[in-house]
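Here you get one chain, nothing else, as structure tokens; it is the form predicted on its own.
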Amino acid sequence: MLTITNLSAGYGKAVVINQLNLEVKEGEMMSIIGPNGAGKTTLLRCINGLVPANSGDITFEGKSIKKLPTHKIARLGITHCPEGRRPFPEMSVYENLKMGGLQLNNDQFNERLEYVYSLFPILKERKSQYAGTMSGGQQQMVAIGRALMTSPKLLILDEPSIGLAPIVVDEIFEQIKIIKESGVTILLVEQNVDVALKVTDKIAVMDNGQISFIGNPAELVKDASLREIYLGIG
């Protein structure tokens, strides 16, 4: 579904991504892990058009999207749920979800809304509450729900567990697993390696702007050096 070939990008003269290659297949969940500063968020921003590529190519369903503006990339079916949740704080839960479904007709909107409410019932209970007054976990549910309102083919999640209590993280990842099982392709950037390993099909390790390892969770666990670095197991 998504193929990244020899991608290089950065900010000004600073090269953050250097000749990176990655492939995400339709229906799978790919998790990208790596240290802070590895270039993970920059990679996601390249995919959605917020950071231009200096060289290389990004193709989605066989067509290059490297030079497309962000809004056209979104219309192709790529939806990015950013780090830090970023709901519209002075808008209600319902209004936040409505912002994600602006391109839908009434029937489509209502169908997607009920789907989101089925995943996160608390959002239906609190649909009139201002998003900015909710807990961090509930705001993350709003952010994911808003992204799902677009009916994405590829859902990009950037650090959905950040700043959340472990019990909330488990709850959210249970829903992410359900989303994946519904057929949505997911590209996840996540620092919480333990929780990512439980739900992902493939793991990619990113360091210094490149992919240094790619494989399934079992292969990561078998690699002694990676196991020690990312799982704390010698």
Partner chain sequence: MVADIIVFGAIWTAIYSMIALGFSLIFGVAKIMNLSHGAFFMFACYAAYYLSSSGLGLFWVALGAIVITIILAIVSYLGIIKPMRNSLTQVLILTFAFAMFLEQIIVITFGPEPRYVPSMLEGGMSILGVRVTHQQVLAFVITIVLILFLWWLLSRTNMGRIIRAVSQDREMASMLGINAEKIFIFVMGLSAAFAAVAGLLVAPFLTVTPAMGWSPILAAFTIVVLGGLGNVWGTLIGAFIVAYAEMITSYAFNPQLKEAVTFTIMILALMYRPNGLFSKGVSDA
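Keep in mind the model is a prediction, meaning the values are calculated, not measured. Residue numbers count along the first chain shown, from 1.
Beyond what is shown, the protein has a form predicted together with its partner chain; the following relates to that form.
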Give a yes or no for Arg45: in the predicted bound form, does one of its heavy atoms lie within 4.5 Å of a heavy atom belonging to its partner chain?
-> yes
Look up in the predicted bound form whether Ile122 has a non-hydrogen atom within 4.5 angstroms of its partner chain, and give yes or no.
-> no
Look up in the predicted bound form whether Ala74 has a non-hydrogen atom within 4.5 angstroms of its partner chain, and give yes or no.
-> yes
Close approach of Glu90 to its partner chain in the predicted bound form, 4.5 Å, heavy atom = yes
Which one of these stretches, 159-167, 94-102, 112-120, 133-141, sits within 4.5 Å of its partner chain in the predicted bound form when only heavy atoms are counted?
-> 94-102
Which of Ser182, Ser55, Thr70, Ser64 has a heavy atom within 4.5 Å of its partner chain in the predicted bound form?
-> Thr70
Residues within 4.5 Å of its partner chain in the predicted bound form, restricted to 141-163 and counted by heavy atom | Arg146, Thr150
